[in-house]
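To begin, one chain is listed below as structure tokens, in the form predicted on its own.
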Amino acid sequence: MIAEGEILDVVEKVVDWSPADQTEALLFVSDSALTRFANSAIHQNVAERDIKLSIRVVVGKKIGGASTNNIGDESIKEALSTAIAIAKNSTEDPDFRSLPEKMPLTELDSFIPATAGYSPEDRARAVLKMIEAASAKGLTTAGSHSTGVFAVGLANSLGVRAVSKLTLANLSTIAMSKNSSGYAGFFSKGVREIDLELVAKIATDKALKSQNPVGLEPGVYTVILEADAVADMLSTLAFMGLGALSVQEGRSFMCGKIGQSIVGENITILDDALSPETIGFPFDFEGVPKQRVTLIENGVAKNVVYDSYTAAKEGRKSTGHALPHPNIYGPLPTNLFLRGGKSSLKEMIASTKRGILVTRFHYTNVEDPMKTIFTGMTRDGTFLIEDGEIKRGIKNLRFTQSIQEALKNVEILSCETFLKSTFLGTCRVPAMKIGKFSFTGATEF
């Protein structure tokens, strides 16, 4: 990977060469590797080095953008020329005020050398532990193990200069019998933090306990969601309406609700990229420092996140949540936290007369963002709970549920929280017990 100084040299070059009124240059650099396995054998080992330069220019109130994955001088000049041509031929945006000005930045210690130096042999040895644990129980296994280094550098014509890098490590495995499966995973910036034996044991135990699943009629049940399912639900909720643009366009469940109670009093949701308990960059994709934002506190709607564009429309300051230009979604929270409670997963199960334990969701989709309704399937470990005990595996169910209503009915939150990777970024969440959760369809598996 190119050095941080070289990253800054590239983005500063763009700004220096640009004749536009304002210019922003954003450079993404990644060096990642992935080992996939299926049928208890490694079948793919790949590595990728990528670079992308994204340029945004402002001519009056007209904005244009272009990108390239070639950072040679001629390619940069061509992309810059294209961005300017697009801006000049665009319609003026009366709501645009300015690119952000320079602000002090916090440094984060998110780069772990052991993760950056993790080899294909290291990944293979970790995968072997997943395979051996499953094989010892007569199960097959599949999954993936990835590590990578990711860096971002940014400069603009108002003096913003920012560069940061981080490491990511992800291991996921599914153990399978003829009619059951069990999932486990671990996500961290430090690959050596992964407890390989524990990940393998969780997956194999779930696969064994869910063998010969029985069908269960759709209906409203008490449900216990493990952390992967909670993270999926929380990131979907954030996508639906915890960004300022969705509120300004009148398509968010937060519209007109700031200061009102919208979920249970035991629910506090915030976004904090600077916390040592998550993985993130200290600034957003405009170079604005990330801020801790409390979104929902003790059930009360408090805030949404802003970038410079949406903040200017309301006379506010950006909270440091801009996504890369061009961006149709507006600012979004990408380092979410759901505050935990005081119980353990074991205590949740023991407190349940009859309910369903869900390991994770699959193929979740938004149905109605204003009502926060989403749908999807359970997957890789779904169990019937009776009289405080896990009785047996059940066939997967489809759910159609308002997330807001589910969060009004949360009875227990686990004290332990888990960092999970989602489509929106990262979530640190507990497991939760929900008194009413709607399952609307059954499956044959």
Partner chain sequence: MKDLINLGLNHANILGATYADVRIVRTTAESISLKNGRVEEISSASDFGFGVRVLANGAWGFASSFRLGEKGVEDTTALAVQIAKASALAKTKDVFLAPVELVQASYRMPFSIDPFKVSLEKKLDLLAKAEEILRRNKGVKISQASMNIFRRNQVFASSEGSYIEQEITHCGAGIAATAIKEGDIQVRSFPNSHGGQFGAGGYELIESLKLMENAERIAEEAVALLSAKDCPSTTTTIILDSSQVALQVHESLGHPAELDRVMGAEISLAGGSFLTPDKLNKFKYGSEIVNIIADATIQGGLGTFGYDDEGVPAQRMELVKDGIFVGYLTSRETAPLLNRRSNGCMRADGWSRIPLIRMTNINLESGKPTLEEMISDTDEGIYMETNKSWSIDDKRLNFQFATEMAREIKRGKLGALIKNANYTGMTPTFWGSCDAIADENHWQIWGIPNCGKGEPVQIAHVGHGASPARFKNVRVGVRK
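Residue numbers count along the first chain shown, from 1. The structure presented is a predicted model; accordingly, all values stated were derived computationally and were not measured.
Another form, the form predicted together with the partner chain, is not on view; read the next lines as being about it.
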{"query": "Partner-contacting position among Gly280, Gly243, Gly143, Gly341 - heavy atom within 4.5 Å of the partner chain in the model of the complex", "finding": "Gly143"}
{"query": "In the model of the complex, the residue from Ile356, Leu108, Val191, Ile174 that sits within 4.5 Å of the partner chain by heavy atoms", "finding": "Ile174"}
{"query": "Region of this chain that lies against the partner chain in the model of the complex, out of 265-273, 359-367, 225-233, 194-202 [heavy atom, 4.5 Å]", "finding": "359-367"}
{"query": "Heavy atom of each of Ser135, Arg161 and Ser414 within 4.5 Å of the partner chain in the model of the complex", "finding": "no"}
{"query": "Contact label in the model of the complex: Gly5 to the partner chain, heavy atom within 4.5 Å", "finding": "no"}
{"query": "Residue contact check: Tyr309 to the partner chain in the model of the complex, 4.5 Å heavy atom", "finding": "yes"}
{"query": "Non-hydrogen atom contact Ala66 with the partner chain in the model of the complex at 4.5 angstroms", "finding": "yes"}
{"query": "The partner chain contact at Pro289 in the model of the complex, heavy atom, 4.5 Å", "finding": "no"}
{"query": "Contacts with the partner chain in the model of the complex, stretch 414-445 (heavy atom within 4.5 Å)", "finding": "Ser438, Thr440, Gly441, Ala442, Thr443, Glu444, Phe445"}
